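What follows is one chain in structure tokens, specifically the form predicted alone.
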Amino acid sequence: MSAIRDFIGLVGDGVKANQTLWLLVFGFALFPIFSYFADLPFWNDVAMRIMLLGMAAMGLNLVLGYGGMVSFGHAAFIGIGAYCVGISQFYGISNGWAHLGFSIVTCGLAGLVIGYLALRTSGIYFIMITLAFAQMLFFLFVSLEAYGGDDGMSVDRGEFGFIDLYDPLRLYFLIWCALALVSLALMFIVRSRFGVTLRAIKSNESRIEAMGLSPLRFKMVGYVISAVICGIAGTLFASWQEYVSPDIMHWTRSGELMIIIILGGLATLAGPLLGAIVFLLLEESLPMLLGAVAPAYAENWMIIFGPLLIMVVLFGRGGLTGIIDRLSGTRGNADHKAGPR
């Protein structure tokens, strides 16, 4: 009983320390009610895309924000997760749980191999190696004509037993459950001794070595966890979109994830999800606004988004999460102050 009470207390402390994150997560749970009464079912699709992109960004944030590892290749893991669905179905495996299992194992192994080679370097060399691996995988799948090559391949939504994913609400809440579980897992990871050590490595790696710990081992574990989270997001993305192509793992997708994290706030649990919300809402609304004002520039919405991002980086220290903390009177993010458990 005491162990259960300790666990409940730990969860309660984590929720209090990350109120913005859980407000967003539970806001997504209630969003279909709003879209139903407002007769805007299209926005449920937007919300699903936000949750999937936010989940992938949360995975990258573990190594980028907390570990200080600038990976330009994490979109590759999203693509691997998506192709686990497509290739499995190509060979007659339609079970969604099997797709998730294949994705976790494949992305974990890919993260282990890439991390083992890339994490022995640092700085610009690490960036270039992760980018090189991502592009190698991109061109590999372009060359696989059996699986659609550059044209990609259509897929059916995975079969999750009684969960019929062709029911939009059931698909929505499957994605929501995955987001909630990933958020909960990352909350524990960040507040654990492992998370504290990972942040310490980012601050002063040589001091961690002097303490007798292996920074490479901690970074490897963080990189693999990050790859698996991105793979789960990719698996669900394939079922949501019913289509996979090499474009999903292009390096520009990794750049989008980094923009989302920087916009929302590095090394915060709520930052990637908040950044995904703002990024995709701007992506949906700016073309319409520009189309109404200057139709010739409707497709060039990044002309406005770029300066907005620069303003947030220059004047909004800590991204959108930092702005919210200052407006609410919170002194810094609780994620940074969380001690080992």
Partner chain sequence: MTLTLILEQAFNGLQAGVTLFLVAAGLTLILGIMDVVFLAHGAQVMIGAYAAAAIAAATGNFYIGLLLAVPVTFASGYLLEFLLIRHLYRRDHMDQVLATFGLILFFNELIRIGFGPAALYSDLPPSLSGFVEILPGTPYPVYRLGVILVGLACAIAIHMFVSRTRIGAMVRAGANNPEMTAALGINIKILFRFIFATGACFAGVAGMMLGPITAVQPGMGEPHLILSLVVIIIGGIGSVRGAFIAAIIVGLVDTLGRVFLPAMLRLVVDQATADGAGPAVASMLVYILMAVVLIFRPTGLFPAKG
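These numbers come from a predicted model, not from an experiment. Numbering follows the first chain given and starts at 1.
Another form, the form predicted together with the partner chain, is not on view; read the next lines as being about it.
- Proximity to the partner chain in the predicted complex, taken as a non-hydrogen atom within 4.5 angstroms, holds for one residue of C177, L117, L109, I93, which is L117.
- The single contact residue among L100, M220, V228, M258, judged by any heavy atom lying within 4.5 Å of the partner chain in the predicted complex, is M258.
- In the predicted complex, at least one heavy atom of R317 sits within 4.5 Å of a heavy atom of the partner chain.
- A residue is said to contact a partner when one of its heavy atoms sits within 4.5 Å of a partner heavy atom; I163 fails this definition for the partner chain in the predicted complex, lying far away.
- In the predicted complex, F133 approaches the partner chain with a heavy atom inside 4.5 Å.
- For the chain shown alone, G291 is not a contact residue for the partner chain in the predicted complex, no non-hydrogen atom being within 4.5 angstroms.
- At a distance of at most 4.5 angstroms from the partner chain in the predicted complex, all three residues M128, I262 and G306 contribute at least one non-hydrogen atom.
- Stretch 140 to 148 is the contacting one of 140 to 148, 101 to 109, 228 to 236, 80 to 88, since its residues have non-hydrogen atoms within 4.5 Å of the partner chain in the predicted complex.
- For the stretch 52 to 77, the set of residues having any non-hydrogen atom within 4.5 angstroms of the partner chain in the predicted complex comprises L64, V70, in sequence order.
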